[in-house]
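Shown below, as structure tokens, is a lone chain in the form predicted alone; questions about how it binds or moves come after it.
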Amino acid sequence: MMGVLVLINPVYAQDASSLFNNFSDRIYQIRIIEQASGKQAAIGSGFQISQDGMVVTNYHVVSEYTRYPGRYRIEYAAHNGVTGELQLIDIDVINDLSLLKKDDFQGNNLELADGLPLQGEAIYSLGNPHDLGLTVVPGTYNGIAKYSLYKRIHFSGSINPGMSGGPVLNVHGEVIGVNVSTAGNQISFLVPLNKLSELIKRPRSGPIVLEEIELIIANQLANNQQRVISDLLDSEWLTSDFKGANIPNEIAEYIRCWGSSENDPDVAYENFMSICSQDEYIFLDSEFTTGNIVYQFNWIESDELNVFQFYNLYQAQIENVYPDNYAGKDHVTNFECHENFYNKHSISGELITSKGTFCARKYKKYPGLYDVLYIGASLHNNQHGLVSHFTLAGVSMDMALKFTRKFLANVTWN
């Protein structure tokens, strides 16, 4: 029989214990079993959400099963040690959700809440951390996380490895979210109720055909990035003064910008940086993430270096630009790059010549999607240089080109 662990604060003791006693039979450990050895390759948590055996977990919990059809199977283990096989019936890679189906339909199910709790209300995360047995972690509902593109819930509680995919309950034992990730220090994130409800209500004819899984994922990624990039293209971008230029600032509510500088008095130049990004990405597998939007600007200046020295410094800055998402040779092709020179007048009327390098690499398994890396470089009087670059991960070529044009239009010299 699997162990039982209840991590509780005395303030919540009665509620946490009650929830555990009432609902532990509806929560499972989800195991990804390697067929040849019969051993666990990955574990997570899940919960039954319907009387006909529908079980919810995260997509990342079952991603190895989808990546290597035939190599793995999915099992559940109940709190009383009973095990059984699960079928994959649907996925939502954008919100990191999966729906599974038990072979036997026995067992009770959890119910979805009618809505989210009030700010500051107690909520309870359940799951199987570190393969230690069923655990209850009390915490606080803090609303939708600020700067969240995918509207994750900010939960004050410690979600640990193995709890991914487990339910988060209100005081009535109703599901208000699904464990998905943690930032440590009692800061965790949940997939909200509405995303789970949308997935459950989708029409479907039966289990997913694994030979079609890549097309399903490709369509979900393409539709999501079409929506995200279209919204950016339709919005007015805020710009800010950056030394001798105006540059895009926080162009969406989910993007944050940070500044830093290198101005060591022993170094004969100064480097000022503005870095903007979203905090969330889309998990595809342990070596492949997508959905990123990152843009960065470096302003380099020196009145001590000669022309040759400054150019070498500037060129080194350009060569140190890399894409801001993880992908290996099994996932993407090599980058193909195209260079172009263009002229722009500064606000004062001076003609500035810039070089732009547009690079793209194809997704091998998801046709029509690319990672795009753009690098722009402008020099002024051989003493000032601006390097701008951005990464768009998992976009169509049409969206990437439109974004590039808008990006360039919003970088101007004073």
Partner chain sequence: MELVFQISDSPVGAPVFQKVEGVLIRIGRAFDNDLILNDATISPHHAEISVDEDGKIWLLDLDSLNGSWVDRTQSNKQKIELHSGSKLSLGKTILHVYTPEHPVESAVKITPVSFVTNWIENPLLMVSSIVLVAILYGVEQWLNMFQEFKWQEIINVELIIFGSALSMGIFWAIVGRIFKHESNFKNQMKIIFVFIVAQFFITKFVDIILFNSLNYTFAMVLMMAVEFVLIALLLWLNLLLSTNQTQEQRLRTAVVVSAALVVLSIYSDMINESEFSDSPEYVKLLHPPALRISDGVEEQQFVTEISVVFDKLEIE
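Numbering follows the first chain given and starts at 1. Computed from a prediction, not measured in an experiment: that's the story for all the values here.
Quick note: we don't show the form predicted in complex with the partner chain, though the next part is all about it.
The three residues Gln40, Arg73 and Gln87 each lack any heavy atom within 4.5 Å of the partner chain in the model of the complex. Residue Lys329 is the only one of His172, Lys329, Arg202, Arg227 with a heavy atom lying within 4.5 Å of the partner chain in the model of the complex. Among Ile33, Val62, Ile49, Leu373, the residue placing a heavy atom within 4.5 Å of the partner chain in the model of the complex is Leu373. Between 129-137, 300-308, 111-119, 74-82, the stretch whose residues reach within 4.5 angstroms of the partner chain in the model of the complex through a non-hydrogen atom is 300-308. At a distance threshold of 4.5 angstroms between non-hydrogen atoms, Asp103 is out of contact with the partner chain in the model of the complex. Contact check for Pro323: a non-hydrogen atom falls within 4.5 Å of the partner chain in the model of the complex.
Using a 4.5 angstroms threshold between heavy atoms, Ala400 counts as touching the partner chain in the model of the complex.
Using a 4.5 angstroms threshold between heavy atoms, Thr404 counts as touching the partner chain in the model of the complex. Interface residues of 354-388, taken as those with a heavy atom within 4.5 Å of the partner chain in the model of the complex (partner not displayed): Lys355, Gly356, Thr357, Phe358, Cys359, Ala360, Arg361, Lys362, Tyr370, Val372, Leu373, Tyr374, Ile375, Ala377, Leu379, His380, Asn381, Asn382, in sequence order.
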